[in-house]
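To begin, one chain is listed below as structure tokens, in the form predicted on its own.
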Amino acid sequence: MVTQITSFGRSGLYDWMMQRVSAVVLSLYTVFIIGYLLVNPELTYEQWSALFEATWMRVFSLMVLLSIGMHSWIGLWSISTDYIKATGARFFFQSLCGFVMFVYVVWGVQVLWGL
């Protein structure tokens, strides 16, 4: 029996909703970046740097970073609970995924905000 203790949300419906919301955020960011690159074919480092110096872009990028973590955690949790039946192996896999996602989020915050 798999418990909800390692799930991201309180219920399956909450996880499903968070998965959809994070997918929308990721899609909007992808469309924006592709559009920005298409509108600026001769993009320079200064333009790219200025884009990411803007607070709204940093906040948008942080939202994307957190959405990636949330989206991947829910997906990997679902996969691991469905396909890894041994409790120890599942715990190890989920712990490793959680640790890697935590490191990526902290690293991303440092890159975005220079902390």
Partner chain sequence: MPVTAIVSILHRITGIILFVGLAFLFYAFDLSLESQEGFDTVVNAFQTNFLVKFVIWGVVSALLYHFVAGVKHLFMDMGYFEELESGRKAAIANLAIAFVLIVLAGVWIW
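Source: prediction; values computed, not measured. Numbering follows the first chain given and starts at 1. Take the two forms, find the largest set of C-alpha atoms that superpose within 1.5 Å, and that set is the rigid core.
Keep in mind that the form predicted together with the partner chain is missing from the display, and what follows is about it.
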Would all three of I34, S49 and L76 be in contact with the partner chain in the predicted complex, where contact means some heavy atom lies within 4.5 Å?
yes
Answer for T87 alone: is it within 4.5 Å of the partner chain in the predicted complex, judged on heavy atom distances?
no
Contact flag, M63 vs the partner chain in the predicted complex, heavy atom cut 4.5 Å:
no
Classify M70 as contacting or not contacting the partner chain in the predicted complex by the rule of any non-hydrogen atom within 4.5 angstroms, answering yes or no.
no
Can any non-hydrogen atom of F92 be found within 4.5 angstroms of the partner chain in the predicted complex?
no
Check each residue of 94-110 against the partner chain in the predicted complex and list those with a heavy atom within 4.5 Å, in sequence order.
C97, V100, M101, Y104, W107, G108
Would N40 count as moving between this form and the one not shown, using a Cα shift of 2 angstroms or more after superposing the core as the test?
yes
